[in-house]
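Given as structure tokens, the chain that follows is alone and in the form predicted alone.
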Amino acid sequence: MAQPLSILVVEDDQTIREGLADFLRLHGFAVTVAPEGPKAMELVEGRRFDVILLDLMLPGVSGEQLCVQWRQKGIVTPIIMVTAKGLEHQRIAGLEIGADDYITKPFSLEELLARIKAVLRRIDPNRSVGQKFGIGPWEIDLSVLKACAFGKEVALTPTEGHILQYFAANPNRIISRQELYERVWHDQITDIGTRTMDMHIANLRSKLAIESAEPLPIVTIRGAGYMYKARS
């Protein structure tokens, strides 16, 4: 049986915190709660979560400070920030420092659930594109680790397949090396990890090159990472 997806709820209001936890558990999530920043930091550094629901207005250490510290440490867990109604500057600031989405109080629990599912679709390629998907001119089938285009068939390694699947699930978005490494290799990136990943990307470009046809549309963004440029 698959493990339930895990969510960390960081909220100082006990009534709201307990209500959110009960609702999310009812919908099959494994929920951990933190009433303030230091406890949240301890939990995130000690284990892996699938999503963090983070209130901005926390005592002591704010949600913004937590988000900045986590991103600086290379933690790429999706963060949905909870902001007060009307504070548009907070929402913009939250997205700029690394939050994946935001929701404004008061919000319906159904809206929250929809936003969580949307974030999970973006980070989980199986939810977005499945085992069969297209990327550029290629049709990829991970069940048999094959790429096909223009009558040409190419064998893929499992790692190559997962790289392509993650790009296909996140089109037209800059993906940092840290993010790609964590999603595909499930580890924090190192210098060796960076070289390993770059080598895999180079091998894919070479392997899936087609003479006088479209190149593999995964481009390097200098100083930022990679992007899969999908057709609009």
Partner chain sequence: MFKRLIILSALIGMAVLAAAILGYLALDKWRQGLYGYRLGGFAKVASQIHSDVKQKLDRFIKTEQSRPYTDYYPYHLPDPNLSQSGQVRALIRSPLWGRLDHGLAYGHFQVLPDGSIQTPNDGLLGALDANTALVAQVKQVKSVVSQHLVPLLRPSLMEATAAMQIQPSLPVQKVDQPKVSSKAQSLYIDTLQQMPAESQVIRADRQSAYANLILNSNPGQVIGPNDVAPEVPAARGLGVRQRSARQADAYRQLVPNAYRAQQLATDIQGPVTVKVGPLVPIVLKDGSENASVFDGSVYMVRHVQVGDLQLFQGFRLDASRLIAEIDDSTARLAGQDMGYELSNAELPSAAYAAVLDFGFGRVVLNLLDLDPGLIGRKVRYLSLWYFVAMSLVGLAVALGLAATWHGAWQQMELSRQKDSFISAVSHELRTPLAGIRVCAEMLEKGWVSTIEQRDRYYHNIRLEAERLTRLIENVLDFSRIQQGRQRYHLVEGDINQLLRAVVETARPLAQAQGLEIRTELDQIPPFPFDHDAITQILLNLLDNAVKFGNPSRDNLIIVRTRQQDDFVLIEVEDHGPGIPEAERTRIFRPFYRLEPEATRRTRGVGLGLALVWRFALAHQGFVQVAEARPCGAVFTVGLRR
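Numbering follows the first chain given and starts at 1. Just so you know, these numbers come straight off a predicted model, no measurement behind them.
The protein also exists as the form predicted in complex with the partner chain; that form is not presented, and the subsequent description refers to it.
Comment: the partner chain is not present in this chain, but in the predicted bound form one of V68, V61, L43, I174 has a heavy atom within 4.5 Å of it, namely V61. Shown without its partner, this chain lists R115, K105, H162, R122 as candidates; in the predicted bound form, only K105 has a non-hydrogen atom within 4.5 angstroms of the partner chain. Annotation: in the predicted bound form, residues F23, M57 and L109 each come within 4.5 Å of the partner chain through at least one heavy atom.
Not displayed here, the partner chain is approached by I16 to within 4.5 Å at the level of heavy atoms in the predicted bound form. Using a 4.5 Å cutoff between non-hydrogen atoms, R205 does not count as a contact of the partner chain in the predicted bound form. Proximity of H27 to the partner chain in the predicted bound form falls within the 4.5 Å heavy atom cutoff. Looking at C148, you'd find every heavy atom of it more than 4.5 angstroms from the partner chain in the predicted bound form. Comment: 97-105 is the region of 130-138, 70-78, 150-158, 97-105 lying near the partner chain in the predicted bound form, near meaning a non-hydrogen atom within 4.5 Å.
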